[in-house]
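Shown next as structure tokens: one chain only, the form predicted on its own.
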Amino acid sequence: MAEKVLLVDDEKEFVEGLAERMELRGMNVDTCTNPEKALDMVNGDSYDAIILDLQMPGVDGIEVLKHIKKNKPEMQVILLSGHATVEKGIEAMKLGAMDFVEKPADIDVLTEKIKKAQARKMVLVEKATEKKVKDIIEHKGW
């Protein structure tokens, strides 16, 4: 099954180039250059992995990550930055980011991380489904 990815970065040329390379590897890629619009996309759809730039004008990647993890905790976020700091990386991981990668990211490494994100999301969704079924069985007066 093809991985469904949302790529969010304010650099349009970077987004287009990376999306093309990811699509050549069989992924379904949506792109967005506006962090506020990206939140709408996340709320309206489901992604296996969200590749998110750390530094964007307006709302930065850390704030977008907080919103995603609050509303869709099963979604896996990989932060991407050309100006990474250890402190920001630690903060991102504490907030629930799956990984933190520096630009320019090696496409093979990023592809492997996206595959791991898809697998991790599937496990989380299965656990949530099992819990719902168990709750229904326990609380339903058959």
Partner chain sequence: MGSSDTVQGRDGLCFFGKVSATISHDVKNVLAIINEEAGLLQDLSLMAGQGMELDPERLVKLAKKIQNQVKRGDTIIKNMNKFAHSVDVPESEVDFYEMTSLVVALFTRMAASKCVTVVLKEGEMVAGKCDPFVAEMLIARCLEVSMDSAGKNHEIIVEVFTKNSERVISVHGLRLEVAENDLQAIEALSKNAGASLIVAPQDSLLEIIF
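Bear in mind that the values here come from a model prediction, so they are computed numbers and not experimental data. Residue numbers count along the first chain shown, from 1.
The form predicted in complex with its partner chain exists for this protein as well; it is not shown, and the discussion that follows is about that form.
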Okay, which stretch from 87-95, 111-119, 49-57, 69-77 lines its partner chain in the model of the complex, with non-hydrogen atoms inside 4.5 Å? 49-57
Any chance Gly26 has a heavy atom within 4.5 Å of its partner chain in the model of the complex? no
Check Ala105 for me: does it contact its partner chain in the model of the complex (non-hydrogen atoms, 4.5 angstroms)? yes
Would Glu36 count as touching its partner chain in the model of the complex under a 4.5 Å heavy atom rule? yes
Contact test in the model of the complex: Glu13 vs its partner chain, heavy atoms, 4.5 Å: yes
